[in-house]
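Just one chain follows, in the form predicted on its own, and it is written as structure tokens.
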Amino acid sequence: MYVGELLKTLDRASTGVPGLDDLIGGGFLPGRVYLVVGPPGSGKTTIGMQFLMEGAKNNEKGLYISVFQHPKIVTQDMLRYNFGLLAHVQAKKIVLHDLGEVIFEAGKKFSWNEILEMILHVIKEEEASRVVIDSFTSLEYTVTDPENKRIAVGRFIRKLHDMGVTCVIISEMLSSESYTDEYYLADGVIVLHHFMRNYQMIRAIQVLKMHGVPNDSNLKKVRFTQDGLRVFQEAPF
């Protein structure tokens, strides 16, 4: 069996985003770590929630770890969609965890290792198979040892691999010309864009990298709908 056929036989964890699975050979590889990055208002959190909702439909427990926003605010924002999120939260198929309450109210800063160990502890405690961390960028301002980030994040991702957790890390796009450590360490990177054309907002998505999976890296049109984000198999322009 050649490599292309072997890849087709691997299990997939659907992203829950219509059209996105088609760009990455059927979905995420289970047990891998993926980065979703983009500017404000581009749909990063929405993609994260769609990923968790898809898992809940298949009895995969989901965990949303909020670093900055209060989970109550995130939940209220998601009510604009026809997700049925509250039902899954009440059934404990999706757990919303407020990491920001610990980090920002502690009155001190933590090392990268300390923060990432906190996250691993929550994942183990909840026995989640799908995890969203929103957002990783917020952690940059809470650490005492920014110089140790690459080693700590690399160790963190290896532990997630060992646990078999499929994880989506959300990160803010600080610059389109520079890449943070998680770009290089994650198994895949999905970038959300928005542009102004003739006084109209044009939204797009791009699969920047995807280890072990054939993917389409061209810009594709993306739109917000009542059911969340939808990816179209056409260029945005």
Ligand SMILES: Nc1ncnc2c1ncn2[C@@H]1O[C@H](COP(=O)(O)OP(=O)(O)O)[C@@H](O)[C@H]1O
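Sequential numbering from 1, following the sequence displayed. Since the model is a prediction, treat every value here as computed from it, not as a measurement.
The protein also exists as the form predicted in complex with this ligand; that form is not presented, and the subsequent description refers to it.
At the 4.5 Å threshold, heavy atoms of H121 stay clear of this ligand in the predicted complex, well away from it.
With a 4.5 Å cutoff on heavy atoms, V89 does not count as touching this ligand in the predicted complex; it lies far away. In the predicted complex, this ligand sits within 4.5 Å of a heavy atom of Y81. Within this chain, R203 lines the site of this ligand in the predicted complex, having a heavy atom no more than 4.5 Å away.
Partner contact region in the predicted complex: 43-51, out of 43-51, 27-35, 205-213, 178-186, criterion any non-hydrogen atom within 4.5 Å of this ligand. For the partner-free chain shown, F224, T225, Q226 of 205-226 come within 4.5 angstroms of this ligand in the predicted complex, judged by any non-hydrogen atom.
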